[in-house]
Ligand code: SAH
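Below you will find one chain, with nothing else, as structure tokens; this is the form predicted on its own, and questions on how it binds or moves follow later.
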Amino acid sequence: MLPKIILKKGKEKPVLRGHPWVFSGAVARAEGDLSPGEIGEVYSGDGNFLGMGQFNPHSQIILRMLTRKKEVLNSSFFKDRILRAYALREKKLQGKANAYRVVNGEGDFLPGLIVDRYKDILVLQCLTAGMERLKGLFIDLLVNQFHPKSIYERSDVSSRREEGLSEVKGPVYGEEIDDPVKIEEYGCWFRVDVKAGQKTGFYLDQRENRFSLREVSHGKKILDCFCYSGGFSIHAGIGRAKEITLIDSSEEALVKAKDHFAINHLENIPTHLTKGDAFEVMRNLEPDYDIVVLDPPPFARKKGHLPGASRGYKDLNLQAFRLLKKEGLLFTFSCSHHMDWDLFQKIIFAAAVDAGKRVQLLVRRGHPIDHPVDLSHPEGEYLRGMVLRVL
């Protein structure tokens, strides 16, 4: 008999609306062994069956939903979910990119599981006790379905501590990965360090936004802030930008960016690689840019960080507006989970007012197709971007 939780009366509404998380404060009582990662059932206070998922009594999120049906959650169940996710990516990205997210956690109805593909190598993240418990099953499924050269685990994220798990990384299948993996993205080449690179090696979630920059880069002078390994700049170079300045606080990142210019045969484009704090560097630049890209790291990892994060975003965008020529474009992004669209737009508006600039919002940018968001789980949406035109 499966363990189960019974919710307090009235607390079933989020579950009925499709939200995949059940918080411990909503639980009236538990029956059976709710050991971390155990599969069980959830019922309303009136005794109605609501669904099945994975428990973790040590987390504020006591249950992560997997299905609203009574069904056997075995290898076939998880295989179907993974293949459904993979089919979406292959249909849209085949021939365009050989690096993308195969499984996006809650967005693909597999909470806590991330699988990224870099050519013939898969990178696995198990972020919850439930997915950690099934890790062996997922490795077998990935091997049998995708036949990768290697699978490397990058469960080295701090959020695992909230699940009572330690950070883990290392090879779990296949050949040793000695060198960076060379991937292709819309005709651009990048070398990815899956062992130690940011996230699982590369910012796959910005792929379409990088491509959109390429389309407007011809003949433009571009400033790429927080450039990391130069993803935006390489697309701008392929788009025949006139000149590109890259800023990052990491010398290692700038070395990678320089290498990416070389392997894409873009040595003829004047580039300036600047190591330093983007806030300080931007203040000392003269206003002479056609396009500015702002893609900073998350400023608000917790809700309490929002006031400071808001000041940081405003300062950055204020400097960007100051540096842009008339008719210039600003590509500005936030990857802070707690920064919603309304607040982000208000911050950008305030920055434009303080800069004394009249600005048009041309388009909003967000997640690519391989990072889908469950509509019932707005917390899964974290990437927000805007393309703005200075008049």
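Note that residue numbering follows the sequence shown and begins at 1. Remember, predicted model here, so these are calculated numbers, not experimental data.
One more form of this protein should be noted, the form predicted in complex with this ligand, which is absent from this view; the next part is about it.
For the chain shown alone, residue 297 is a contact residue for this ligand in the model of the complex, at least one non-hydrogen atom being within 4.5 angstroms.
Heavy atoms of residue 227 reach within 4.5 Å of this ligand in the model of the complex, making it an interface residue. Within this chain, residue 206 lines the site of this ligand in the model of the complex, having a heavy atom no more than 4.5 Å away.
Heavy atoms of residue 130 never reach within 4.5 Å of this ligand in the model of the complex, leaving it off the interface.
Scanning 176, 277, 80, 215 against this ligand in the model of the complex with a 4.5 Å heavy atom cut-off leaves one residue, 277. This chain is drawn without this ligand; in the model of the complex, the residue among 248, 290, 163, 153 with a heavy atom within 4.5 Å of it is 248.
Contact check for 11, 44 and 53: none of the three has a heavy atom within 4.5 Å of this ligand in the model of the complex. Heavy atoms within 4.5 Å of this ligand in the model of the complex map, among the stretches 103 to 111, 302 to 310, 215 to 223, 249 to 257, onto 249 to 257 alone. In the model of the complex, just one residue of 186 to 201 lies within 4.5 Å of this ligand by at least one heavy atom: 198.
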